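Only one chain is shown below, in structure tokens, and it's the form predicted alone.
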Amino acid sequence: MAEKAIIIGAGIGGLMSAMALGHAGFDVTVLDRDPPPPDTSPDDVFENWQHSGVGHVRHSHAFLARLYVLIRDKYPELLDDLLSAGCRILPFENMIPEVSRAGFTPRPSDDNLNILTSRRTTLELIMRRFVERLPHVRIEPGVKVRSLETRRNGAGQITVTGLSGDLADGTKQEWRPDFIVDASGKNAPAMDWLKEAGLEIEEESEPTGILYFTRHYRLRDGQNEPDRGSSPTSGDLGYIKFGIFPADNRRFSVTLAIPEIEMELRKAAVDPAVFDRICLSMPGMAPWVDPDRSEPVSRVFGMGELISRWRHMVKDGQPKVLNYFPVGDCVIRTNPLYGRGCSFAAISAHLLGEALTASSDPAARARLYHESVARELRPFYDSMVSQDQTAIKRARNTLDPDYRPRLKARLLKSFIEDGIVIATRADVNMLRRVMAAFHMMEAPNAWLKEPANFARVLMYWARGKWLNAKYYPANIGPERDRLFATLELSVNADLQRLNAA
């Protein structure tokens, strides 16, 4: 008889866990706190689905190549369903700068660097319908999990033996599965229940230093997306980061990531009119939000309290809790700026499926799962945290008109901007490697550690700006002072606030 699994949560992590475990032959029940999505169109689902369990469901989303390849190879029918619903594949070719396209020769492996993009609500709607068709998988909506049942064993470990909650009609229910998968997100209450039961969970936590603001748009009838020009549709100006996210069914979204210390800009960006003025100030975004081409179809959605967090469920090689497996934001939370949250959840879900089929021993399963997650994901987590810390410092320095970087900082900045960036814009093969690292297809910075690639970067760096002139990106946006003047914001208010604190 197949082992019974309960999955708490029906977001990306829960749905991916259901696919992985259902594919591995387990009997799976997914407990979803929210009502099911409307059985209508993707547009209606975006407007009306009460998906409170996923607070960022209406922010920009894209599935990185690692997740696209997983779906393509393991669930081709799901990929067909997603594309039929209007989800889109953005090919690697679209990432190539205009200056390098003439010499581009496609390779079959370029398909491994594609992005799958859509509104999050559409992605989840189609994934949910796919999961509901899987044999031995059931989704129960409207279920509020209230507690875990646990016991301590002789080794001091906590074993989860069951859970209880309220069904949609208010009826009390208890479940006693063979194991539980927790995909209930960043605020997973089960973590608090385990702490109350005596479990000590070591956590690493770092600030991301940003707030997120997203607005959705629709292309007007008869209008198409702008041609890819010389000005990029995403960029980092220090005081603001921005990006265009093509979506399904003639929709797209814009996300602005604003440093926490930029209080004036943060307060202003929630105003839809100001949000649009910011977008129109960026040369790469302006053609997209041109009122003659598109119209806004949502308010500005904000998201704050963003942190990176890693919860350690194993100590000295011994798992702390048995028959309980957290996936996604429940165990590893990342800065949404890098778009890796969904990929982390999907990878964790399938690593869990492998661990569960490799052994029937609860301790061995937990150890295999958490060790494989750390091996696969920790390098990317550390890289993101490091980049966040650098960005926080840059944002602080951008506020100060008197800031002058030291020689080491100037050299590093030049190596990145005049060496790495130029090399990847001039050399498509180098871009392939950089994108493979970004999309989690290979280890972070693995490409730069190879002597031939490092030498090539040094060569472009040594050539100087005059010889590399054609490879520099066009102006991506105004300096801080200029944008603040356009928006009639105080340039010095945030710096004065920081100095007074």
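Here the structure is a predicted model, which is why all the values come from computation and not from measurement. So that there is no doubt, residue numbering starts at 1 and follows the sequence shown.
This next part talks about the form predicted in complex with a small molecule, which is not shown.
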Run the contact test on Thr29, His350 and Pro362 with a 4.5 Å heavy atom cut-off to the small molecule in the predicted bound form and return yes or no.
no
In the predicted bound form, does Val457 have a heavy atom within 4.5 Å of the small molecule?
no
Please check if Leu306 has a heavy atom lying within 4.5 Å of any heavy atom of the small molecule in the predicted bound form.
yes
Are any of the heavy atoms in Pro336 no more than 4.5 Å from a heavy atom of the small molecule in the predicted bound form?
yes
is_contact(Leu82, the small molecule) in the predicted bound form, heavy atom dist at most 4.5 Å
no
Option from 441 to 449, 30 to 38, 428 to 436, 463 to 471 whose residues, in the predicted bound form, bring a heavy atom within 4.5 Å of the small molecule
30 to 38
With the small molecule left out of view, which of His312, His136, Arg299, Lys144 would have a heavy atom within 4.5 Å of it in the predicted bound form?
Lys144
